[in-house]
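Given as structure tokens, the chain that follows is alone and in the form predicted alone.
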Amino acid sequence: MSVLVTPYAKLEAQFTELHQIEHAQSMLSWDEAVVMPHSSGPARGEALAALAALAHRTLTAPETEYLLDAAEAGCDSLDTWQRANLRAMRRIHTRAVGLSEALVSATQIAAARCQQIWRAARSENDWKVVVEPLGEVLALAREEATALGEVLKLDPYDALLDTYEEGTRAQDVMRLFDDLKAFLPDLIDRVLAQQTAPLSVQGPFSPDDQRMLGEEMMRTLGFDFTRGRLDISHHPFCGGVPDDTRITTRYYDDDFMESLMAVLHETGHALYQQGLPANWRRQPVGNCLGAAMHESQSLFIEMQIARSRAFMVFAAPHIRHHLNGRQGDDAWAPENLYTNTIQVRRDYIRVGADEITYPLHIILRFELERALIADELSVSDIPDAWNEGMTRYLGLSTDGNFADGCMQDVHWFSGLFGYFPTYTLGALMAAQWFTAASKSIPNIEEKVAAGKFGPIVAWLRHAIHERGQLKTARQLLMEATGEPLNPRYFKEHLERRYLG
């Protein structure tokens, strides 16, 4: 007797195959960033483009739309998770049909080429060599934004922003960013006027010693090394899938803290990824809930936990042990290491910025990329616009300093327009999450100081990780914290830590 296979069951089978393609794409991308030989770049770009085209072809096939229509018509027979999964499938399909396969392939090839050129050009401070490939990437991003905007009935930039943060619009971001622009400059001045400099922690610090320290911290927080690993790349990132999670960092002989904090930041991403619902990992509903939510998890671990005084009480002995610090040397004391992690300074580099000046880096990028997508700013004008913005927001000139200016981030060179705002949205979320977690977990700071992170990660698992895309980000935030996203918690956190 034959068993009737429902439209929904066929869709689940189809999206399981799409998940496997995504897995392969993520591993090829990891390999490209970590170990791929330089001359292999063009071939890798073509391979990634072929996989992207294959996934796009599957999503846009007439049968897929038929199955979605049929499954939605019979959704009363589906349970809560299945209905949420169907909703996520429809969102993916709607966005896919708005783009041609030729555009998808061309974007992948152009982004791979541009990113590979950028890696070499940044080290040479050579802006001229990236102008042409970045111009090609931007032209394709504008084409994508226009096409998606037509399908979704959105402004082109909003259509890109919606890729990373469903339902968020530029006006929402501007309202929050205007609040921060009014608050941060005075706070920066006040903190700079009263902060004290830490004792210098003398290197050199070998990459091997830093790696062992990072791996111990990852293990203590709950990273599963049977399903993941730590490597080196030009730009720290977390990639892969829940059962194959990859973290990267970079090491400096004279500064171990930047690498350590990058590892802890990416571990926050990885804990989210490894904690996604096990029964739904090959379906859209089992995926993470947007880039801002992902960033909130990394910033929860890095900013709310790892840069706290309590964390350094726990971590200082381990840091001293791995990096061969002298027992009794005040430079290695918890309070001095803590002071080291919360130094505020106006600096050029976003990824190394403190949490007070960091949002100004993001606001600059947000304003510039909106102008780029709207064709109000050309690629050739980026350095001057960047210099003007850095001077206005942080009092720093990047004139002629492309490597520490408009070439410092990989995002635009790999086609990621619309992503930058999610970093600061994630920081606001992280402060709100931590406030809620502190109310639910007794003596949370004592647990951090003792290295007992299990209850904290368990709270994150229950409130966020294990929920996948069952609810929207706004619904989860309401359930766990009792209110929508509110910058008050972030501002109170900054004042408490830096002025308290």
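Worth saying up front: this structure is predicted, and the values here are computed from it rather than measured. Each residue number is its position in the shown sequence, starting from 1. Between two forms, the rigid core is defined as the largest C-alpha subset superposing within 1.5 Å.
Another form exists, predicted together with a further copy of the same chain; not displayed. Remarks below refer to it.
Colleague: So which of A436, I444, A47, V457 gets a non-hydrogen atom within 4.5 Å of a further copy of the same chain in the predicted complex?
Modeller: The residue in contact is A47.
Colleague: If the cut-off is 4.5 angstroms on heavy atoms, which of these, R169, R346, R219, R227, is the one near a further copy of the same chain in the predicted complex?
Modeller: Only one option qualifies, and that one is R227.
Colleague: Quick one: find which of 427 to 435, 53 to 61, 446 to 454, 469 to 477 has residues within 4.5 Å of a further copy of the same chain in the predicted complex by heavy atom distance.
Modeller: It is the stretch 53 to 61.
Colleague: Is there a heavy atom of L67 no more than 4.5 Å from a heavy atom of a further copy of the same chain in the predicted complex?
Modeller: It does not: once a further copy of the same chain is placed as it appears in the predicted complex, L67 has no heavy atom within 4.5 Å of it.
Colleague: Any of the heavy atoms of S440 lying within 4.5 Å of a further copy of the same chain in the predicted complex?
Modeller: S440: no, not in contact with a further copy of the same chain in the predicted complex.
Colleague: Under a 4.5 Å heavy atom criterion, is H23 part of the interface with a further copy of the same chain in the predicted complex?
Modeller: Result yes; H23 sits at the interface with a further copy of the same chain in the predicted complex.
Colleague: Classify E17 as contacting or not contacting a further copy of the same chain in the predicted complex by the rule of any non-hydrogen atom within 4.5 angstroms, answering yes or no.
Modeller: So E17 counts as contacting a further copy of the same chain.
Colleague: So which bits of 26 to 64 sit within 4.5 Å of a further copy of the same chain in the predicted complex, heavy atoms only?
Modeller: If the 4.5 Å heavy-atom criterion is applied to a further copy of the same chain in the predicted complex, 26 to 64 yields M27, L28, W30, D31, V35, M36, P37, H38, S39, S40, A43, R44, E46, A47, A50, L51, L54, R57.
Colleague: P442: after superposing the rigid core, is there a C-alpha shift of 2 Å or more between this form and the one not shown?
Modeller: P442 C-alpha, core-superposed: shift of less than 2 Å.
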